[in-house]
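Okay, so here's just one chain, in structure tokens, the form predicted alone.
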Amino acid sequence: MRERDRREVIRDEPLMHAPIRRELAGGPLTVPELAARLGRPPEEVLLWVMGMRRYRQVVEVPDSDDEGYFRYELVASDEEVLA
């Protein structure tokens, strides 16, 4: 499988938020776990997760897994906090 141009991967970021959110709705996951579930390369998923992290849609769980990868979880929306 050929490596996609970084600009292509970044352009796909808004399209990947919903699938990533769906996967994280079941609980925290690492980037490799997300990549496997989404069927996408880990380096692409990392860029998308870091974008979501930058805009505080996801956060790292304080502890890493056995292999040293951080788990990411969804940030509760204001609506969920108020409910």
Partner chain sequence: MKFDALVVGGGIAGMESSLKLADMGYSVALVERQASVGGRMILLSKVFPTLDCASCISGPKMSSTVNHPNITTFTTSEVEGIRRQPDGTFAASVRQRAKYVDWSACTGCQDCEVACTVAVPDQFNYDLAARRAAYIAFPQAVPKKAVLERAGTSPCTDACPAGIKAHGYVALIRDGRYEEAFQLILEATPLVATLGRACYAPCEESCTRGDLEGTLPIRRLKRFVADWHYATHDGPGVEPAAPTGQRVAIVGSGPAGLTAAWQLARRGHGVTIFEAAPEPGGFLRYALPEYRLPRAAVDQDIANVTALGVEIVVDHPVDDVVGLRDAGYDAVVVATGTPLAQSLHVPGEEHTGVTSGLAFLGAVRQGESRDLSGRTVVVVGGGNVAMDAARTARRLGAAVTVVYRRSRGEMPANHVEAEDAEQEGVTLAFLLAPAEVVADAAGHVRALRCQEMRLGPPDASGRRRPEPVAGAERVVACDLVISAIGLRPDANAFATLSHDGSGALVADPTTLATALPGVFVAGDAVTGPSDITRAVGQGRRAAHMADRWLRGEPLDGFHALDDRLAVVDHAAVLARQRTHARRDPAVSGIDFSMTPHDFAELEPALTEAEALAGVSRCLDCGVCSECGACSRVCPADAIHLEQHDEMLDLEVDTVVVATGYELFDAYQKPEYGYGTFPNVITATEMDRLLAPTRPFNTVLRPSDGKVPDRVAYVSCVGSRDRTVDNPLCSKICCMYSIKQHQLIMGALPLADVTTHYMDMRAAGKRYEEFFSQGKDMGATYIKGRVAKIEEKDNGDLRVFYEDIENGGRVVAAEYDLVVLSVGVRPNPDALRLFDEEDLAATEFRFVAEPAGDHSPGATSIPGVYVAGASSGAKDIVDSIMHAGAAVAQAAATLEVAHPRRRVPLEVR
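What you see is a predicted model; the values in this text were computed from it and never measured. Residue numbers count along the first chain shown, from 1.
Although not depicted, the form predicted together with its partner chain is the subject of the following passage.
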Hey, in the predicted complex, is L46 touching its partner chain, heavy atoms inside 4.5 Å?
yes
Residue-level question: is L29 within 4.5 Å of its partner chain in the predicted complex, judged on heavy atoms?
no
Using a 4.5 angstroms cut-off on non-hydrogen atoms, would R53 count as touching its partner chain in the predicted complex?
yes
At 4.5 Å between heavy atoms, is D12 in contact with its partner chain in the predicted complex?
yes
